[in-house]
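Shown below, as structure tokens, is a lone chain in the form predicted alone; questions about how it binds or moves come after it.
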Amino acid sequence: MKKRLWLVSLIAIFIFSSVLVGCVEKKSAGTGKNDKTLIYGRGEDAKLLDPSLVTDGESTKVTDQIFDNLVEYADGSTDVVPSLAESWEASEDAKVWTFKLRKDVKFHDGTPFNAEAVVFNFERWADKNHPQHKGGDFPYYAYMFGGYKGDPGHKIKSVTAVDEFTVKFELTSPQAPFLQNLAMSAFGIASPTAVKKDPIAFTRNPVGSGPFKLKEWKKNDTITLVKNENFWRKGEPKLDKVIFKVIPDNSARFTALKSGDVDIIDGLNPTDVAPAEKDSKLQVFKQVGMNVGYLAFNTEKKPFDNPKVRQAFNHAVNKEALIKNFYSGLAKPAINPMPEFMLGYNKNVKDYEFDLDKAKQLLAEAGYADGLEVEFFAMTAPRPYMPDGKKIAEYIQADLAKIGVKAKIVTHDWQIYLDKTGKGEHQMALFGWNGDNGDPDNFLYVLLDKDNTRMPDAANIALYKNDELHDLLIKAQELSDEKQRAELYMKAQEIIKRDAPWVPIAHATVPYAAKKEVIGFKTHPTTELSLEKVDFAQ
């Protein structure tokens, strides 16, 4: 009998111990406290993990952790501070820029970082005949530097290694936002060894010098990064592991945060902000958006080749109602393509009033008195500038019906959506932009200049071309005097408002939510994500 009791007691102790260990292991995986694993919930997966090949924020959220740039943005602003370059100087005419590089950096594969690595990356992006210019063109390079090698507007004449840790850029003409451009996510410096090995495979297996390294990518599920033990900033990163988890539905993502399955989320429904703020276990971050959500008209397709039709649609979109119903007030109506706090914003430009009678009149003048039918692309993925594109499209669709327009809403997976709009396959499409560098050039030139209608990666998805606008924007790039630049940008906004290639809808405040114990997380005006300082409170 004693042996039986002893055996029962031993089994009970074993079961209790197993349960206790299981609880501890679950706590470690669920909260990330013990092994310092942060789980970041988001709405969509990355497209590719080579930042120079993508334009979507879901990809750069990940690549920002893997790559470093020559320079980077300061916390909370677009002021430029050192990164892989310790210092720099420009010639008097601002056409030659010389950078002194850090000497203590290696890429994740052990390749030394030096001036030749910088030259390799820029030549790969610029030259379509370069042996590693593969996987597609490099759209952001063309957007920001006037095209590719040999194109008439190409800004970068040469990039040369002066010595092992000095690199020199020669420009064809001054470019006011040149330094800010270099800090953009797209221009993270990659390991030449890894790219040369297989530039296509590199898009799925990136190698940079940043605080985290790629461990695993389960498509449409998770991307797992692990700590770079040899990161050149001593004491960083604080975390051992970061897992980006795809949870497509905004409400389900918020539920996952409340239940402890994830640690931080973006794409928070505006209606969930107040409940999150009241939850003692959570914290909310709000970033005033350097962004714009808009409805773009393909000006090369009927009926939007007619400016009167575009103006009519502007009068048929009720921005105030959209902001009230779908942004919960966390946005401002957009009048111009860029936010009002940016250099050269034109406060004198008047918006098209919501006026359905005026919209009908303009349609009649354009030859569509009996109405028309259009295809209306709407994104289903939550974006910082547009929390619920499908519902916004349905609201606009109802108002368009009142002026005789039958709009058929078309949706696609986010990556397919980007591909189709970049190829100009839409008639009209909801879209948006998160500013990259704090300069108006990054909105007006990138999104609305004729240079950026190159397909299949058009940033100007309206395919809008205006020579007068182009001349103003190029001149503004080449000036250093901010007052003169501002005057040119103000004129540019008048032209854009008159031609109406878009309906600018909103400049959104971007909400994030996190568990209370997450510390060191900071938002940024560009929505760039920096996780090397993030930790868990002890």
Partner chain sequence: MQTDNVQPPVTNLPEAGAVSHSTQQDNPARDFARAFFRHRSAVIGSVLVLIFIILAILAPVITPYDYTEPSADALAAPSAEHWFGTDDLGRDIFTRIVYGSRISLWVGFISIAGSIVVGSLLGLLAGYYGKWQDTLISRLFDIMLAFPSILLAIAIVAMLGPGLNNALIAIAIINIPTFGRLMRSRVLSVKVEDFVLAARAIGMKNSRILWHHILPNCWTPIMVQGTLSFATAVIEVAALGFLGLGAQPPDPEWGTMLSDARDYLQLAPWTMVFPGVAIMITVLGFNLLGDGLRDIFDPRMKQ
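Residue numbers count along the first chain shown, from 1. Given the structure is predicted, the values throughout are model-derived calculations rather than measurements.
There is also a form predicted in complex with its partner chain; it is not shown, and the following applies to it.
Comparing 340-348, 384-392, 111-119, 358-366 against its partner chain in the predicted bound form, the single stretch with non-hydrogen atoms within 4.5 angstroms of it is 384-392. Residue contact check for residue 410: one or more of its heavy atoms lie within 4.5 Å of its partner chain in the predicted bound form. For the chain shown alone, residue 169 is not a contact residue for its partner chain in the predicted bound form, no non-hydrogen atom being within 4.5 angstroms.
In the predicted bound form, its partner chain stays beyond 4.5 Å of every heavy atom belonging to residue 228. Taking the partner from the other structure, its partner chain in the predicted bound form has a heavy atom within 4.5 Å of a heavy atom of residue 272. Although the partner is absent from the chain shown here, 255, 326 and 398 each have a heavy atom within 4.5 Å of its partner chain in the predicted bound form. The partner is absent here; in the predicted bound form, the one residue of 164, 373, 249, 127 having a heavy atom within 4.5 Å of its partner chain is 249. Of the listed positions (197, 402, 406, 281), a single one reaches within 4.5 angstroms of its partner chain by any non-hydrogen atom in the predicted bound form, namely 402.
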